[in-house]
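We give structure tokens for two forms of one protein chain below, kept apart as structure 1 and structure 2.
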Structure 1
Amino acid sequence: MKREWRMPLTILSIAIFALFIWWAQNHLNAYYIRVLSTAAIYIVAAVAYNLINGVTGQFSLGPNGFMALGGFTVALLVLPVSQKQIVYFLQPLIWPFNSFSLPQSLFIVALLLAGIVAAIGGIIIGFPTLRLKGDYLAIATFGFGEIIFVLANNLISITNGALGIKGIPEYSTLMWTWGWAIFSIIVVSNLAKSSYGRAMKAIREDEIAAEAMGINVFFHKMLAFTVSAFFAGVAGGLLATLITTVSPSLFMFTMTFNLLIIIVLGGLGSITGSAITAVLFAFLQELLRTVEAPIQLGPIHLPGVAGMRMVVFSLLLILAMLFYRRGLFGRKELSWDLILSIFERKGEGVGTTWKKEKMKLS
């Protein structure tokens, strides 16, 4: 495809998708809107997670901690003052959060602050841990997520402890969630294609060789870790204002496990693969609710089993790794060239079949 056609097609597709999102927000019921919004939030978190795990090749297990930082930050900023007085009955909320609340018009400010808080957390945690490699890095970042979980349960004057924060305004519309989803894909994709991204990929392939070539390995790791933490914090803030409540249990290691399934199934290093798999994951979560529900097969009654959805996801992950060892997309990105090449191959196949049939008839 000619290069000059790629940008107009991309802009046109985004415009068409924006019209669909506008239509969905005004015509679909609350259930479908919730599922679509959840899919978009998974995209933001998964694309950011793939930047550090897939593009840079660093095995991190701490995105749930960054999402928790973002979720609680947004909750403290947008929760009405009257609701804060009701929610914090065990211990009063600390100053200055107990004296103000951001209106809906400043929701973007709350999300940006959530991302910044998470990014600062990423810098603080990344500075000592990114000097580690492989399993040691995974253990250290897993410990960070557990530390955030323990702090969220015990800092009652900030997080309200295990009770969490309820009554958060529902600001996360489809426009907000999918707007951030598209923005995260654009930012992370362009970062991966830039000179910084090429350096990150070099670190993934061979860290020693990359350092020998003059690449500042630690700087590029920190850059990927900080950007990933920023978008994870935004995803946590969007999730908090979607379900209108936030608690430590919402950001347990299960959240990281879900994101790990998404990026591995989509392909480590494939940004668009993570985005597509995130949507599939969100819809499969709802479709597989029937697996956890009680089933009546004639005289036989099968009780529902809580958590069976994750068992099914684990089986799907095993099957995917058996047949697609690098995920559904591997390290490839969905592009106009790839789409047109698929159609061209199909067209060539049809043309070849037609020529064979014509030769038989002649």
Structure 2
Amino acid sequence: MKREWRMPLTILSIAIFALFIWWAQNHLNAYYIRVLSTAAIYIVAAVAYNLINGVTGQFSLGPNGFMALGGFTVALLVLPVSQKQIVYFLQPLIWPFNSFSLPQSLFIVALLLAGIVAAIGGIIIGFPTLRLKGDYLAIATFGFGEIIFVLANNLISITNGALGIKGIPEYSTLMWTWGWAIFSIIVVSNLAKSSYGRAMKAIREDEIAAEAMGINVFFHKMLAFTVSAFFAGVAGGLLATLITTVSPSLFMFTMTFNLLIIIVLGGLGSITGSAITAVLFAFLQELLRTVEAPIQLGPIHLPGVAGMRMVVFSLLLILAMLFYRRGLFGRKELSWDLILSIFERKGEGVGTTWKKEKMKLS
């Protein structure tokens, strides 16, 4: 397929999709809009998570912590001052958050700040751990998520403790969530495909060899981790303004676990794979709600079992790792070439194409 065709095709399909989103926002009922938005938020978080775990090969368990940072940041920024006075009845909210709130027109600023706060958190965690070889990142990020939970419960004058913050304006429309989803896919897959991404993949494959080829390992791990934390923070902010409340328990480890399932099933290292499984997962999660609800099978009544969904998900993850480790896409990306190669015969290798181009030039 001709290279010049790819860009217009991509733009065209994004335009068609944008039309669909616009239609959906106006015609679908609130339930479907919420599921679709959740899917988009999963995309933002999962695609970013895949950058550090799948592309760079560094095992992070941090997204829930970064999403919490982003979620609380947005909540503090956009919650109306009057609502703040109602919510914070245990202890008053600290200055300056008690005296202002961003209008809807500045929602984008709130989201960017959410991403920046999370990215700073990422730098703080990444600096001590990513210099070291080994799995210190995993243990530090896991602890970080738990510590955010502890802090959110205790810093009542900022987070309102275990009660959380209610009444956040519902700014996250489908346009916002899907806009960010598409933006994150473009940014992360461009990064992964770029020279910087190649360096990250080299680190995943063999850290010592990558270093010996002149790659600054620490810098590239930090870059991947910080970008990943930024988008996780944005995802947290979108989530806060979708469900209109944040509380410490919203950002428990389960969130990271869900994202882990998504990136494993989509194929560690495949950005588009994560995006597709993120959508599937959002719907699967809704379907599996029925598992936890009471079931009436004729005369037999099965009481609902809380926690059953997570049992199913964890088994799914273990089985995928044992028997289906490459996931849906392996490390391939969904691209026009891949779609067309299903219809066409096998394409030419990079080498022959290059030779042809060279011949044309001479």
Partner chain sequence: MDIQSFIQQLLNGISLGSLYALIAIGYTMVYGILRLINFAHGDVFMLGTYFAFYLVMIFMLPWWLSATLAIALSAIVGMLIDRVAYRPLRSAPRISALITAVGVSFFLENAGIVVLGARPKGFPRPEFMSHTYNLGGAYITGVSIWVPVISVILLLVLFYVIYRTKIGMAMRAVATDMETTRLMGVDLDRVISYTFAIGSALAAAGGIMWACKYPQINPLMGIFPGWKAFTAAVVGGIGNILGATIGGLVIGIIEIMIVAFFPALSGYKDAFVFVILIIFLLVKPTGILGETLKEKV
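Numbers given to residues start at 1 and step along the sequence of structure 1. Remember, it's a predicted structure, so these values are computed and weren't measured experimentally. Rigid core here is just the name for the largest C-alpha set that superposes within 1.5 Å across the two forms.
Legend: structure 1 corresponds to the form predicted on its own, while structure 2 does not. Core-aligned CA deviation for residue 128 between structure 1 and structure 2: less than 2 Å. A displacement of less than 2 angstroms separates the C-alpha positions of residue 188 between structure 1 and structure 2, with the rigid core held in common. Residue displacement note: residue 320 has its CA displaced by at least 2 Å between structure 1 and structure 2 (rigid core superposed).
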